[in-house]
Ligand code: MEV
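Just the one chain here, laid out as structure tokens, in the form predicted alone.
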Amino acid sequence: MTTRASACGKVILLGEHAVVYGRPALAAAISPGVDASASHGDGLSLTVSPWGQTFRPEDGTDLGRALQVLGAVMHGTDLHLDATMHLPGGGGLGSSAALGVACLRAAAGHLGMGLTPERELELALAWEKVFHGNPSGVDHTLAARGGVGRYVKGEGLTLVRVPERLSLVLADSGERASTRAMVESVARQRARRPEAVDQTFDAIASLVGRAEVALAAMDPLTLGELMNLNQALLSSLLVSTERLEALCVAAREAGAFGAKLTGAGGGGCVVAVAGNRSGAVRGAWEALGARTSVVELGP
């Protein structure tokens, strides 16, 4: 018997890094994220497609250590998990959180274990800490709950109603950086210049509040302008790169209302709001060698 489950990825519209320090972030779940299945196995193992790799708790990898979290709950059950990733690993789209939630759901369903929403979030956070050290919690919360919302660390997700469909364009820069390393870099900056960095976080929080109003009012022009301002503040925290900046500029020149990195930075993906210029934005990005996609928010 095989039990199947899935979980969402995520895109942060505004609020990266500041959200780690108690400021709000505006974020949305995206699909497809990760599909997983559970069946009887020889010990606990996880095979991930399209990577073509199998992981076990004792193998010393991050995924192996994450499986230890799962194994502690499942009491060492003989269980094999298969997961299919529809998100780029390390791209800032919540791939590790989506993988964790999908695997937890598949395993619990296969074993007949009832997980409350609170318990699911607790275990998914333990999984995420293996990869990111001090995660804000936004990734695994959206992976589990879905929707669009305002997230505050320690308080959780407040859903935001999006009255109409809104298209977002995504570009994968092809660059990769450790989320843990980027979070630690910002922490070092804050240790050296606490007042200046906290002022940056406060400015980001102000943009998030205004963006929440713009999103609820379906005002993509204002939302894009706020995203551009957020990108400038993220650049001041040294989490952007030349490649990410070039993609943001190309999107705006192609007609996007706004574009910014999404996730921890140092690489990963760029998100843009472009309205009827989405095709032109994708073309500009593809001319720079980036893989692109479109995701939809709202009803």
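Quick note: we count residues from 1 along the sequence shown, nothing fancier. Please read these numbers as outputs of a predicted model, since none were measured by experiment.
What comes next is about the form predicted in complex with the named molecule, which does not appear here.
This chain lacks the partner; the member of A38, A264, V34, A28 within 4.5 angstroms of the named molecule in the predicted complex by a non-hydrogen atom is A264. Comparing 128 to 136, 207 to 215, 108 to 116, 167 to 175 against the named molecule in the predicted complex, the single stretch with non-hydrogen atoms within 4.5 angstroms of it is 128 to 136. Within this chain, V20 lines the site of the named molecule in the predicted complex, having a heavy atom no more than 4.5 Å away. In the predicted complex, the named molecule lies farther than 4.5 Å from every heavy atom of Q189. Although the partner is absent here, I12 is a contact residue: one of its heavy atoms lies within 4.5 angstroms of the named molecule in the predicted complex. Of the heavy atoms in V183, some are within 4.5 Å of the named molecule in the predicted complex. Of all the residues from 147 to 161, none has a non-hydrogen atom no more than 4.5 Å from the named molecule in the predicted complex.
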